[in-house]
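Let's start with one chain on its own, the form predicted alone, as structure tokens.
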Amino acid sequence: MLSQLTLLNLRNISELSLQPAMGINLITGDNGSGKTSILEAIHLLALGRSFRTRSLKNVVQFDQQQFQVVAKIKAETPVGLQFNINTGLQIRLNNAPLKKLSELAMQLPLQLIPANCHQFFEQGPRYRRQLLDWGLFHVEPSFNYHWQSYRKVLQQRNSALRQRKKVDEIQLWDSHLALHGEAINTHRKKQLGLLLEHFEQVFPRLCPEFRDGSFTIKYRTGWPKDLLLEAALHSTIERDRQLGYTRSGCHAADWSFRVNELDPSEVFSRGQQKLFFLALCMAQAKMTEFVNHQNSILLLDDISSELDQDRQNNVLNELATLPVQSFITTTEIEGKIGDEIELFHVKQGVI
């Protein structure tokens, strides 16, 4: 969690410093005032990339050469990120250069809920796998090893397929791919079971109309369920050779929840879809704290989008009970702000 945050020359923010609360931080201001830029800075600090642009050059303030994001995290450990148009990205953790972004992500478990988060249902299996794997990265020590190993082996097998290698040369990779793929599959199934337990507690509090709802999971491994992965790879080798890539495996997995045996993407309103996604993120935050005793950071951009005041209050009340530090943006405030909420107002890039 962040105890201090300072931004320099980031988008329309020349210099900004704040000391956030450990719980809920509500950031208000007009459109274009710099609210989302604060969330973007925290995202950069945790993951080394922006959620608004592929090129960090676009984050640098106009007529400047670089931007900086500096913060203090748990135990007052300093972390700093600097991007220079000429020299690129540099990150330091506890005053030492950081070589792997995964080390940064481990220090700051962060989840983003964008204003258009209802697109969770529209953006395809890859987006859903990423959400699930985020939780595994933070609660299962061996997951990152298996996932990185799986990716490397998959690249080698796909390279052999593209080069039209002989079948036996391609299948040299199958046992290694299956070893790591089966491990990932086992971890994902376990994670989904735990996620469902927490989700079915959180979601009815955000969406009271589903207080008596039934929740189930539909999970597809990415290969025929009656086969082990290595057998599936062997059975589809000719198809893979024709396609030039490996089609079966945990990189093709997908999952979804069912509510009252219905697909939420087909029956939920936009607001209900947003609350559904929020409940998933909240459930994962609870699991992360329970397993590794580490609080997450949750970024919620534009809480008022698709949610009426009662729904917003439900979200804030639930967040107040969770082991998360949240940063929430909104253009306007209705009603009384509780003592558990720290309020910041941004105007033209200034707090």
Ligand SMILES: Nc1ncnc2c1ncn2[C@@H]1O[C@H](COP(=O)(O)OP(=O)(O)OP(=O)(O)O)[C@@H](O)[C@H]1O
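Quick note: we count residues from 1 along the sequence shown, nothing fancier. Because the structure is predicted, anything quoted here is derived from the model rather than measured.
Keep in mind that the form predicted together with the named molecule is not shown, yet the notes after this line are about it.
A heavy atom within 4.5 Å of the named molecule in the predicted complex is found for exactly one of Arg311, Lys286, Lys35, His43: Lys35.
Contact with the named molecule in the predicted complex, defined as a heavy atom within 4.5 Å, holds for exactly one of Val291, Val60, Leu47, Leu316, namely Val60. Using a 4.5 angstroms limit between non-hydrogen atoms, Thr53 is distant from the named molecule in the predicted complex.
In the predicted complex, Thr321 stays away from the named molecule, with no heavy atom inside 4.5 Å. Though the partner is left out of this view, Asn31 does reach within 4.5 Å of the named molecule in the predicted complex, counting heavy atoms only. Residues Arg11, Asn12 of 1 to 29 are found to place at least one heavy atom within 4.5 Å of the named molecule in the predicted complex.
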